[in-house]
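So this first bit is one chain, no partners, the form predicted alone, shown in structure tokens.
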Amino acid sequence: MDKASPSSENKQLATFLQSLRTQIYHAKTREDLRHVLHTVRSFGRPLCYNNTSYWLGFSMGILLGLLAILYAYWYPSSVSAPWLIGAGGLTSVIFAVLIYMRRSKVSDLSDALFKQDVYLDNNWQSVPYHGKKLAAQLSRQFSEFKRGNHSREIEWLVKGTYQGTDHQFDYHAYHFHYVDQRQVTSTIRDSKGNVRVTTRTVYDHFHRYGLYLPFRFARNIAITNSWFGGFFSSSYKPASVEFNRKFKVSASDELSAAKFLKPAVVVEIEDLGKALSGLNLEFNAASELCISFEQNICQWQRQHGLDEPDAFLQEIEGDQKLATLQKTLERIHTLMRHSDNNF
């Protein structure tokens, strides 16, 4: 049987990758993910394009550019040399981009499949949202989202469910991006001693991460590590020196704060602060909690991909639960347990 041409192989691979994309998109269980990887293994050859013709085009572009440079060296007055150098460089760049795009198709599918596995293991669901509109909505619920004088946007959002021994709760995990705008004035003195003042606009980008969820055991209390105002009128200090060194407490009234901040709750928040830098806990008037911090506890990284299906299958079979996220959810559950008078 004659070997298929590179063009035929590439068309076959493109069709197969499109089929995989559909399978991955519709995968709802771990068995669905296994089926995708078994399909990859049965394809019979590595999931990579034959880029021989593209590499040839890339090499020809480089060669054309080099010859044009030599031509310009020997004939410096030539008008066509710069055009030839540009044409050679552009040709090589185009083919390099095409090769990269082909390679990224398999990598992107690997990312998509692994993302599905992470979502399954962490009991997450994708939810529709508009980043800027959601940030504006959340700023009306929590002062945490009033940061930034230029722009605010939710860049990532999932809905999850946590089942504890005493309490079960739904939560949203998010990535919040906000921008501060400021003016910077510079004074420049030229060689003649003349002074010129210039002003430019600088945009500082910041990222915060966190969870928000119903928390029916507290309201109108803010426990903040990074103080930026907009909270409640009364302040409160528990007996713990360590807690007071790291956190500030504001509330609608001191009695509410005192009732919530039992010694066991204080210890739990101290431990949370050790694990999560820049920790804030804000309980709003609707008995909702926003717990926010500086590090991304919902980040993941795959080790293998569809180009090595056996190793990828073994990785998928493993547990992709995010340890810091799970520990944070456990501590939120503990806060509920300590605050629930029924326990």
Partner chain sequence: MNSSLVFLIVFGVVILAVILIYNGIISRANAAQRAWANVITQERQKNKIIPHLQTITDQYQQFESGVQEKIAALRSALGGLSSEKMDTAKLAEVESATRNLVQGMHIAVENYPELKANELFGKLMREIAEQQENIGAAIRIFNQNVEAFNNGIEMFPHSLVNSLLNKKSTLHTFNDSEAEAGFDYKPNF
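From a predicted model like this one, the values you see are computed outputs, not experimental measurements. Numbering follows the first chain given and starts at 1.
The same protein also exists as the form predicted together with its partner chain; that form is not shown, yet it is the one meant from here on.
Student: Tell me the stretch among 109 to 117, 151 to 159, 237 to 245, 187 to 195 that has any heavy atom within 4.5 angstroms of its partner chain in the predicted complex.
Tutor: That would be 237 to 245.
Student: Should residue 263 be counted as a contact of its partner chain in the predicted complex, where contact means heavy atoms within 4.5 Å?
Tutor: It does: once its partner chain is placed as it appears in the predicted complex, residue 263 has a heavy atom within 4.5 Å of it.
Student: Please check if residue 274 has a heavy atom lying within 4.5 Å of any heavy atom of its partner chain in the predicted complex.
Tutor: Yes - in the predicted complex, heavy atoms of residue 274 and its partner chain come within 4.5 Å of each other.
Student: Contact between residue 253 and its partner chain in the predicted complex at 4.5 Å, heavy atoms?
Tutor: Looking in the predicted complex, residue contacts with its partner chain do not include residue 253, since no heavy atom lies within 4.5 Å.
Student: Indicate whether its partner chain has at least one heavy atom within 4.5 Å of a heavy atom of residue 136 in the predicted complex.
Tutor: Flag for residue 136 set to no.
Student: Would its partner chain be touched by all three of 294, 330 and 332 in the predicted complex, meaning a heavy atom each within 4.5 Å?
Tutor: No, because 294, 330 and 332 lack any heavy atom that approaches its partner chain to within 4.5 Å in the predicted complex.
Student: Note which of 179, 267, 94, 87 lies within 4.5 Å of its partner chain in the predicted complex, where distance is taken over heavy atoms; exactly one does.
Tutor: Selected option: 267.
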